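Below you will find one chain, with nothing else, as structure tokens; this is the form predicted on its own, and questions on how it binds or moves follow later.
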């Protein structure tokens, strides 16, 4: 039953991606409404799967790479819905549904076995640490999607400057949110590490790359707020930042062994 829910959501995400791009290609309001309906269904099924897995496991389903990726895709979808309601931008569904589909496709490649929590994960900090990481990564991903759209529109004669300003500001707000959540992730991780391993910081590969990611986005905020960076430069920066996020999420687990290898 769990596999039916999971792969059903994956298929619906894919159908949503195709429908969104068809709506943009043919400028069809009917197809666009259909694409958002399918996207909503995919997010709902994704959420039902997470809840069902949590019931089966008897714990919060965020304990490994598969579960984190599944929650990551779901949160991208939820944020996309909120932004769609607020902005009504037709491109938003195409980019965010594609991002959610790719993340969930990565999850499909991971072992899906339901297992008990490792002893190090049995802590009250578990939900705060992993949950804030999901929110952080999702915020950064949405910012990257918005920035990609900015670069697609920048330079076109028909593009209104006000629209570019809205996109630029939206990307900034999502990065600020992601940065806040990443700060919470690192701080709660330090407290949790001291309780689990008697050390606030061990320079584990995941910790190191989380810090690198934090510094990259801290530099973004500094450049924007103090050096007045805006527009194309910050959009490119946001896309570079998401590469670091994805490396921290995927690359570190594949290339390095450490205390966080179970993620």
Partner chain sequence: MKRFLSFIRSMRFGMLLLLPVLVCSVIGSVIPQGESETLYAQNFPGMYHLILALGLDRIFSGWVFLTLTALFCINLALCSASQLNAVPARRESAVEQAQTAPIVPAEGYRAEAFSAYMKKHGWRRIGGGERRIYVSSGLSWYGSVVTHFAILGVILGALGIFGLSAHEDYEILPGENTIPGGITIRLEDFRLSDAEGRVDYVSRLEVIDAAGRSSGPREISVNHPLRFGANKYYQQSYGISGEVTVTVKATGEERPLHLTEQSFISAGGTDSVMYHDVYPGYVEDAEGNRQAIVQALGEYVDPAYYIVVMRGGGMEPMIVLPGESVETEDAVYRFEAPLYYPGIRVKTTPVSVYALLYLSFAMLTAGLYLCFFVPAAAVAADGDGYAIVSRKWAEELRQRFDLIK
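Positions refer to the first chain, counted from 1. Treat the numbers as computed from the prediction; the structure is a model and nothing was measured.
One more form of this protein exists, namely the form predicted in complex with the partner chain; it is left out here, but the text below deals with it.
Distance criterion of 4.5 Å from any heavy atom to the partner chain in the predicted bound form singles out 215 from the list 236, 56, 44, 215. Checking 98, 148, 83, 190 against the partner chain in the predicted bound form, a heavy atom within 4.5 Å turns up for just one residue: 190. Comment: 226-234 is the region of 63-71, 31-39, 45-53, 226-234 lying near the partner chain in the predicted bound form, near meaning a non-hydrogen atom within 4.5 Å. Although the partner is absent here, residue 7 lies well away from the partner chain in the predicted bound form, with no heavy atom inside 4.5 Å. A residue is said to contact a partner when one of its heavy atoms sits within 4.5 Å of a partner heavy atom; residue 177 meets this definition for the partner chain in the predicted bound form. In the predicted bound form, the partner chain lies farther than 4.5 Å from every heavy atom of residue 26. Not displayed here, the partner chain is approached by residue 119 to within 4.5 Å at the level of heavy atoms in the predicted bound form.
Within 4.5 angstroms of the partner chain in the predicted bound form, the stretch 46-67 places no non-hydrogen atom at all.
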